[in-house]
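Given next, in structure tokens, is a single chain: the form predicted on its own.
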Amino acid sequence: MAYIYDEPSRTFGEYLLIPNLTAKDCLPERVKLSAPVVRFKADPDAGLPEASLSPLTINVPVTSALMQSVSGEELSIALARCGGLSFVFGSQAIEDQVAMVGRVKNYKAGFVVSDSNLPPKATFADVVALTERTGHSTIAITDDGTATGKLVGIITSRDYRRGKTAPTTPVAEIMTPLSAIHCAEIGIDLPAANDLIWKHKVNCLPVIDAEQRLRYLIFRKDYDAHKEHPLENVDRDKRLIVGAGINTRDYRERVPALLTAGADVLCIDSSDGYSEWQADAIAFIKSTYPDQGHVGAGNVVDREGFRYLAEAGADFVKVGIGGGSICITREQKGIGRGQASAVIEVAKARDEYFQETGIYVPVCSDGGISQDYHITLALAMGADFVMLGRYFARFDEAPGRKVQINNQFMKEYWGEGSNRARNWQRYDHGSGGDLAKTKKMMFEEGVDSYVPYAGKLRDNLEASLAKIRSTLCNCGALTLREFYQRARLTVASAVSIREGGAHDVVLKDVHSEPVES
């Protein structure tokens, strides 16, 4: 006999927060939004653990969805610089995904291994070709043209004039020679290196060993960029943090390639994560890469699904089925749950698991967020961080085309379950049936759509985070841990929801001027 839940399946829009006492020191600028991303051990008797105990954290509790129309390299870079985390979509060829991850990791760093190098016998034509291919204007000239060869000079855009320098001009004639370059010795730390950059007023500082072999390059622009983005997420080498999506089909080939490229965390992309196929993928990653392979799993909507994936070794668990704006899984298959109900139950299961085992497994709320305050509600209900698709698809940095429809600018946004994405692996049950043979879906679980264009990611995200910080202060909390412990929620009636918006007034049209009588 089927089990039927007594409680209705509720969404974020059915809840409101009740304010707590706001202390005088509870100010938005003092709010810390850091969140754990992967599992870690802690003492259950000490209460909910601090986010800093996790091997991987984010400075704001926001990640972008594993979608073709959302998490490309440009958005991954922009979000990491603002403190969040992107998961580069996995519904593409392994080599293409690896290249995307590599470009994010190489975008900014402290100690950079040079990937633009030429030998002295090269010509100016080689310089132009390399610059156009890599987009880098600084080229190291080494005796053998490798990243670790003996440094003999540097070429930047200031060393030549396009249209004036002949293509056959030898590199040795236009480069700045080693004798005129300020260098640092291997072993220097980043603060000292930055001091040298400022002292000598240079844009690039090569780091060489005792044999004059090039080891690293350090750039002034990276220091400046960090000061402009104080919340940016970087690894120990000052490279941006980035995640990557995988599936339960080709993970044996995809995972090692992604980890080699520098992916910091992986996530299995599936509409239903409560499966043995996900457990198999997790087991492979954990046994093969025990110290490197952080992997999240999902999606689930209840306690049983969470426990299964947590016990399988998942580093975080994604919650949500059918709540995304472009997802029609509930409509097509009748499977899913209201996002609020799912997050509340899974968060309780996470806390129970932590009390039993001393292992904290972060929870990610994925889907069901249509308003900024829904992010705050998800965090209050126990999510450690959220995953957003439609929210990010609106921005310049998202991969979708910007188009004009009925005099309004829009961005393309399509689901992974749509025929356009053709992400059959996401919906494959692993049986070797029709999906595996034809690589085509029998029916769609997502749609192809547009969303209103909203501009730059940073501008919009800063506004959303300001609302979250303000709400935490209303609830008397300075951290997400305090917020989850102190938040009080009430179910809102349809009438009270209507009452919460503008009502019984005629809103002014900002584009028209009233005429006085």
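Remember, it's a predicted structure, so these values are computed and weren't measured experimentally. Start at 1 and count along the sequence shown; that's the residue number.
The same protein also exists as the form predicted together with a small molecule; that form is not shown, yet it is the one meant from here on.
Figure note: of the listed segments 45-53, 444-452, 22-30, 477-485, the one touching the small molecule in the predicted bound form, with heavy atoms no more than 4.5 Å away, is 444-452. None of the heavy atoms of S71 is located within 4.5 Å of the small molecule in the predicted bound form. Contact annotation for S325: at least one heavy atom lies within 4.5 Å of the small molecule in the predicted bound form. Proximity of L388 to the small molecule in the predicted bound form falls within the 4.5 Å heavy atom cutoff.
Y251 falls outside the set of residues with a heavy atom inside 4.5 Å of the small molecule in the predicted bound form.
Y413 is the sole member of F395, Y360, Y413, F87 with a non-hydrogen atom lying within 4.5 angstroms of the small molecule in the predicted bound form. Think of it this way: in the predicted bound form, the small molecule has a heavy atom of just one of G153, G400, P206, G367 within 4.5 Å, and the residue is G367.
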